[in-house]
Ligand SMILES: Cc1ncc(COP(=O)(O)O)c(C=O)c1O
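Quick heads-up: it's one chain on its own, the form predicted on its own, in structure tokens.
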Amino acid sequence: MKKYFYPLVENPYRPKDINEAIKVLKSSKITSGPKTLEFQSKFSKKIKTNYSLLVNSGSSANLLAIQCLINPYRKRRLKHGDQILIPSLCWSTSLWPIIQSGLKPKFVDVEKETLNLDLNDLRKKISKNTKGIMLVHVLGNSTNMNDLMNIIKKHNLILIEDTCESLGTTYKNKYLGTFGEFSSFSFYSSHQISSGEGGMICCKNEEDFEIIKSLRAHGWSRGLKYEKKIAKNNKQLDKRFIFYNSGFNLRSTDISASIGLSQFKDLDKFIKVRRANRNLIIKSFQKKKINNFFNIIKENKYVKPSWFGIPILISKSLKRNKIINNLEKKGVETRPIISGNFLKQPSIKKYKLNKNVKMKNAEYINQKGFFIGLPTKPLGKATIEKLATTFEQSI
């Protein structure tokens, strides 16, 4: 693998994180257990959400949210063909659970200034078939949640928040991931905290929590609030093996839970360090007078971000591929903003989802945008200076 002096992500695991995992290994209780329950409880308490359930990825959290919405045990459930709006700047597993669950996605453009959902375009896309919104909070930033919630209330829509890139961000002092009926979080290695692989799904009511708990583990009745009642109504079955619902196996392990919990305790510290690193990088760009060529995305109004990385739009006069190639050659690792305009992906064409839809801002971001990493350890002056110089030399 190529070595970068400024990689997208450094090794996120500290000795104390690994020691927590070793304790679980030594206990021989590796599968989902007490550490999972502890992590779920502390996550709910800090984020201020009613219910949290640990899963094996943020992608699985998105899948469970959409599957819950169509589940026959849910009182207000969506029907085959109902429409879900989704930003065109998204990750693959924000989109595909909608299609895999028999629902229809409709793409909405984003804002160039924040990279997040364009509410003006959203209003235009709402129809009588629209039942929900899969909202993606991009790289620690957010759309105007006040205006969005007014739209949702007016049209009686269901909101799912994909918060996989924005753990710890607040809008008017309220955590992202607590506005919608469901929210997803990811603990992949490059995210705000890491458990290796892993994620969390949150919801607001007990009905949904019991459904996703069953869906997460084979459709089993085991561990559900009404487990005894279900067994009583199915006496012909072994009460230990009653399959109450459809399901998957999307559980995490206590190993992942122990690492994630260890990191979660230091989330505020990580956010503070990342913010400080970002500010120093911006100042170094200004000092070199290259900030006119590289527009670093700023937070939206009322947002206190938990930055994931540093999203950048290059000026119109520069060619993105040339800049990216130069940066990579000189030791700065880059990547697209999420996956760029997802309508450009070959899978969209294969599944006939594009239908000549134009996303002006998402396409601009696709052509002019990229992001670099933002470490959770303080950057030294030499690294910051070298990074700014590398950008200057890459123009």
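Keep in mind that what you see is a predicted model, and the values were worked out from it rather than measured. From 1 onward, residues are counted along the sequence shown.
Same protein, other form: the form predicted together with the named molecule, not shown, and the subject of what follows.
Novice: Of the listed stretches (216-224, 114-122, 163-171, 273-281), which one has a non-hydrogen atom within 4.5 Å of the named molecule in the predicted bound form?
Specialist: The contacting stretch is 163-171.
Novice: How about L176: is it within 4.5 Å of the named molecule in the predicted bound form, going by heavy atoms?
Specialist: Result no; L176 lies far from the named molecule in the predicted bound form.
Novice: Just to confirm, G198 within 4.5 Å of the named molecule in the predicted bound form by heavy atoms?
Specialist: G198: yes, in contact with the named molecule in the predicted bound form.
Novice: Verify the contact flag for S44: yes if a non-hydrogen atom of it lies within 4.5 Å of a non-hydrogen atom of the named molecule in the predicted bound form, no if not.
Specialist: S44: no contact with the named molecule in the predicted bound form.
Novice: According to a 4.5 angstroms non-hydrogen atom cut-off, is S186 in contact with the named molecule in the predicted bound form?
Specialist: Although the named molecule is absent here, S186 would touch it in the predicted bound form, with heavy atoms inside 4.5 Å.
Novice: So the named molecule isn't shown here. In the predicted bound form, which residue out of W96, F248, F293, W91 has a non-hydrogen atom within 4.5 Å of it?
Specialist: Spelling it out, the residue with a heavy atom inside the cut-off is W91.
Novice: Please identify the residue among N341, S59, T36, Q67 with any heavy atom within 4.5 Å of the named molecule in the predicted bound form.
Specialist: Here the answer is residue option S59.
Novice: May I ask you to list the residues of 127-160 that have any heavy atom within 4.5 angstroms of the named molecule in the predicted bound form, in sequence order?
Specialist: Sequence-ordered list has one entry, V136.
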